[in-house]
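Encoded as structure tokens, the following chain is the form predicted alone, with no partner shown.
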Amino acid sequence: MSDTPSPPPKIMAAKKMRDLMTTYYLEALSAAQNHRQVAWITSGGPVEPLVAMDIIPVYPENHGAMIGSAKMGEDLCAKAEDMGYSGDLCAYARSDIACAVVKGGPIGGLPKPDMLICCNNICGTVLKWYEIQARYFQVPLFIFDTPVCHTGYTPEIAAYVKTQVNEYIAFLEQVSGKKMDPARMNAVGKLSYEGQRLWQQVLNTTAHKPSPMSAFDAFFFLALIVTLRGTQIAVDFYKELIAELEQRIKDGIGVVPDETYRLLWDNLPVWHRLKWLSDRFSAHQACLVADTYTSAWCGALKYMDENNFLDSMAEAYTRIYLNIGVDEMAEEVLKMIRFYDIHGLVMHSNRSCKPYSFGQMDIMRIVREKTGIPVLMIEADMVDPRSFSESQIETRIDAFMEIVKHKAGRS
């Protein structure tokens, strides 16, 4: 008789999530037939004004994650390189630029945009990326500029970004040909706030031992708070997901059988190797219970005022995780290590995302000095598999887990 523990039951909400995302993309792809406009927007951009004006937001980065998960990244990135773009550029950008031309990817390309909204709170690459797409599709582009808050949110930054909120609304009114309804904007702001609060509650469930889900599940369930933020659909879904996760906690169901070690992930996922990585860590009874990536869509809640969303939006969108100084980022990581009772930190040095990866050596040093937990650094790319060495990373994970076990006194 086998001693291998039975796999835990799957999270039922996953099917509903897929159905909601299918409906969302069908609605976006048929927008022109239904006389609605589509705006492409960066993942960290202020989407709520679009929702309030009934413009469908579409996220090329979310599409890039789908391309990575579908293992279509290598072909599309290579096509972009054949077009003359450097292989050192972000794989989301390369795959999206190629996709626009060849209509590739898992859904045959994104719907043609009526406008582009680019917020540089996540990186600088998006500026050139969106300029390229604005020229290709010949549509207007709005750039929402958020200065990096190295040491805090100064009055000068506040005034500068607040001005752009007003310019952003004026841009949308001009391109859509209709005025924004303040009451509708307030309602969308409340839904956005509630959705982010619930998303934080979803992530917090993994503080329980054993964890009812892993960071790999969070990477999947993240899609709704990105694409449908500010809608009742997202609020209702996360309420259902929380109820299911709380029931799993009550029933003692952990996502990793015999969970013994709890790990924290830093940086974007390696979309094309999610299951492989999950299996590698699970084989050591290790669960990645949290990550710095998915928490970015609720980390700025403390700066938001749900009753005055539009005014508080400027600070919330400027002070997201990727737009703050390394010391503050390290402090956020330390808070997560304490909250989730972490045994080890896994850092993905992401060839595609330089803003996320540049400060990792400093964060690694700070974490080691202040907590003493082991830290693993793996080199990969979120979408392009050509930067992933399976045998090398497997060896590193095995060695890392031996150190984690030794530190935990269970070797």
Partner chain sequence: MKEIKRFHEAASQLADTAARIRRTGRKIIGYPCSYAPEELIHAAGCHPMRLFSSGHGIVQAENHLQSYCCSVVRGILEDSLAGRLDFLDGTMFPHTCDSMQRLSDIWRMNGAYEFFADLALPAKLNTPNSAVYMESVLARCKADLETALKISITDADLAASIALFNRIRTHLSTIHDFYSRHPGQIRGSDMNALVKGAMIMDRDEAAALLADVAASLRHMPVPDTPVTRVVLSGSVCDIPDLFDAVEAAGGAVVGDDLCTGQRWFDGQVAEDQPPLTALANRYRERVICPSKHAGLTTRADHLISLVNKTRAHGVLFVMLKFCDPHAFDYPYLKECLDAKGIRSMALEMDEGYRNQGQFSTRIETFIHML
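Not measured: the values here are computed from a predicted model. Residue numbers count along the first chain shown, from 1.
Same protein, other form: the form predicted in complex with its partner chain, not shown, and the subject of what follows.
Across the proposed site, 83, 97 and 358 without exception bring a heavy atom within 4.5 Å of its partner chain in the predicted complex. In the predicted complex, its partner chain stays beyond 4.5 Å of every heavy atom belonging to residue 276.
Using a 4.5 Å cutoff between non-hydrogen atoms, residue 247 does not count as a contact of its partner chain in the predicted complex.
Mapping the unseen interface onto this chain, residue 150 counts among the residues with a heavy atom inside 4.5 Å of its partner chain in the predicted complex. Using a 4.5 Å cutoff between non-hydrogen atoms, residue 349 counts as a contact of its partner chain in the predicted complex. Of the candidate stretches 162-170, 307-315, 294-302, 219-227, only 162-170 has residues whose heavy atoms lie within 4.5 Å of its partner chain in the predicted complex. Residue 366 is the only one of 373, 366, 51, 31 with a heavy atom lying within 4.5 Å of its partner chain in the predicted complex.
Contact with its partner chain in the predicted complex, judged by any heavy atom within 4.5 Å, is made by just one of 88, 251, 341, 258: 88. With contact defined as any non-hydrogen atom lying within 4.5 angstroms of its partner chain in the predicted complex, the contacting residues in 297-327 are 322, 324, 325, 326, 327, given in sequence order.
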